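Each of the two blocks below gives one form of the same protein chain as structure tokens; they are labelled structure 1 and structure 2.
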Structure 1
Amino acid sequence: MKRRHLLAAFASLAACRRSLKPRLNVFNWSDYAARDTVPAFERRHGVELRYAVYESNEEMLAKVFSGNSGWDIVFPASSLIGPMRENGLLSPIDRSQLPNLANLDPRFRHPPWDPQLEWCVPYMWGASGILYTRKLNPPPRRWADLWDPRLGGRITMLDDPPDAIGAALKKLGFPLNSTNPAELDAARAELLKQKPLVRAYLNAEARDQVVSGDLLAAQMWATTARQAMDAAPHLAFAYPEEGFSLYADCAVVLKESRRHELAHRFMNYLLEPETAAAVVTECLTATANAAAQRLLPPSLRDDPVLYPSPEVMNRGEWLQALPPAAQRLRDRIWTIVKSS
């Protein structure tokens, strides 16, 4: 056999061997994995991971709602766990395959959205607030400050209905998870009043615009804001005085998955302190893993943006799943605001 034919045969054989490896399909938020998170798991278990990222819950849901998405694990916000379960999208968690659940912070071992962790594994968590340039004087301290005409055309709000509508509700003194039609209508009016000042509704994409100085302020998740502040010391972050949203992004196994055992191995791997700590150190996120938090350097472990004080946390409210009628009303409000 000629040398080139021999090499071609070996290449073909190698490709076949690669294709025989078990494969897991993971769809996660951006900036939620360190550079070696996926390769290390592949090396340890002799598997292949198809790993992709998204920027919003809506983007993820659009992919998986058909029940034939091809993904095994996704990471919805905690407020979506109930609705996804009710719509038959989730497979139950087998806790016997997850000994590293013991590493979770106590507040995430029995969370209100899934008290027995039957359907999800808390991964990262955070809150919404205001990222701003320090040259603003006075600095923004309240959601109401994002309605200030001096910021016209140089602010963004989150492209996330619970957070954007929630900011308007808190500005008015109403509960973040309000289902009251009159309160929600007042929030709609506030968002429409604010819209001429808003350049766009963006999530992580706004980070670079604030860093460059193109934006003066942005409603932003604390983890994304921390990444911006690490790149630009002239930026600061405020947890609004009126109150703010809290969320947790949780790993779930989709009902369509046929790789439950491998999915649990991956989730248990993410719960290892060293794995979670590496993600926090590289991506500047807030982990739900108490054992991992203890491994962090003090500059991260005690960071008031990622891990706010109990006094600040007392102003936060966990986003909740809402009754269908209230959710439909909020969906209509968001459509009106975005299209006006």
Structure 2
Amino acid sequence: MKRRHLLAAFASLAACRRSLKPRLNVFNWSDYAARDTVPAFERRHGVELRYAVYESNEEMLAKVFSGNSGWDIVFPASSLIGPMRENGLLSPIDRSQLPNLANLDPRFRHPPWDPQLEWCVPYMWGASGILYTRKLNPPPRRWADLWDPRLGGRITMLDDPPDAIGAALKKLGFPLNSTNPAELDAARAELLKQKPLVRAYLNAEARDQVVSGDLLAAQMWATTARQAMDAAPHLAFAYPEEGFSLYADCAVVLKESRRHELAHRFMNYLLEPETAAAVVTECLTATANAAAQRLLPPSLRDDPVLYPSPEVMNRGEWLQALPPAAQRLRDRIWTIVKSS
């Protein structure tokens, strides 16, 4: 009798631990979901969601590369879609299960990194530019202004090789994704020339220091800059005249996932205009969803930092995956710049 009680107790314990609800595992960037995005999906479909966030592509890749990370959906940057597919990490998208794909902005229906959207669903996008304080007169308009001695010691560059090297390449009039050794060498010389003026190589941490006034200008991602401007009205953002980098974070289903149907249901949910609009309103990001953009309050919808005009967008260039030789050369350049 006693033993039977014990067994029953174990059985109920086991039942508690493994709830019968199907569970989906979603690994996303921080700031990419509103407070109610996940709970609303759970309520509507009676499923459980394990949702966690990361801060860099590398952090996510290090886990996913093992092939048994336990995640179903992750959100890599557009330049990683090709490499991840070639490494056999992705499972193809079934478009018939995603009627809401029609809501995507036409620009994201046939993107260069996945023209038929066979492997990914564009979610949010962004660009790099210059966050600066309005005290600066004249205000910076070009990457070349970050080489101006009058800003000496009061600027930061991104601690991110494609963007920092990219700014030097654009300043020189070369393509952002250049693999040409001569062009890259010229970019290295530019970055070394700039280094005495650079206070530090920082990513999002630079935001607080522009707000506090420690810095006059910083190379920054547009959405991060927009969040800073929300806190500090004395800040402004410029899309450099020479051109700038563009990236999109896209939802993908991992090959290891065994919940394809549920994964597609979740992606279709993210593509609903109301879902995406709620995320943008709360997190101040730029959605790839045109129907959602129409739902936004005018102040956000017409925000020139989050949604620049077509003329500005024409200067943008998508970051691409580069061949190994160019990657190695760029890594060497970055090591030289940071250690000189």
Partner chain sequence: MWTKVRFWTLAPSRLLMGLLFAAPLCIVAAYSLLTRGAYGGQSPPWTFESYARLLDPLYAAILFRSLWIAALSTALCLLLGFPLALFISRSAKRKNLYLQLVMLPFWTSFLVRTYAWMFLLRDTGLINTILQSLGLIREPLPLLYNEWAVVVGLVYGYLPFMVLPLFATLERIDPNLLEAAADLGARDTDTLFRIIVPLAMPGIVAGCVLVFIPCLGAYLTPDLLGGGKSMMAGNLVQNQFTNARDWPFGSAASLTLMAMVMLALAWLARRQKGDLL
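The shown structure was predicted, so the numbers you read here are calculated from the model rather than taken from an experiment. Definition used throughout: the rigid core is the maximal C-alpha set that superposes within 1.5 Å between two forms. Just so we're on the same page, residue numbers count up from 1 along structure 1's sequence.
**Asked** The form predicted on its own: 1 or 2?
**Response** Answer to the question: structure 1 is the form predicted on its own, whereas structure 2 comes from elsewhere.
**Which listed residue lies at the hinge, 246, 84, 140, 293, rigid motion between the two structures** = My reading of the hinge gives 246.
**Asked** Rounded to the nearest whole degree, how much does the smaller rigid part turn between the two structures?
**Response** Treating the chain as two rigid parts, the smaller one turns 14 degrees between the two structures.
**Message:** Fitting the two forms on their rigid core, what distance in Å separates the Cα positions of residue 188 between the two structures?
**Reply:** On core superposition, this C-alpha lies 3.2 Å from its counterpart.
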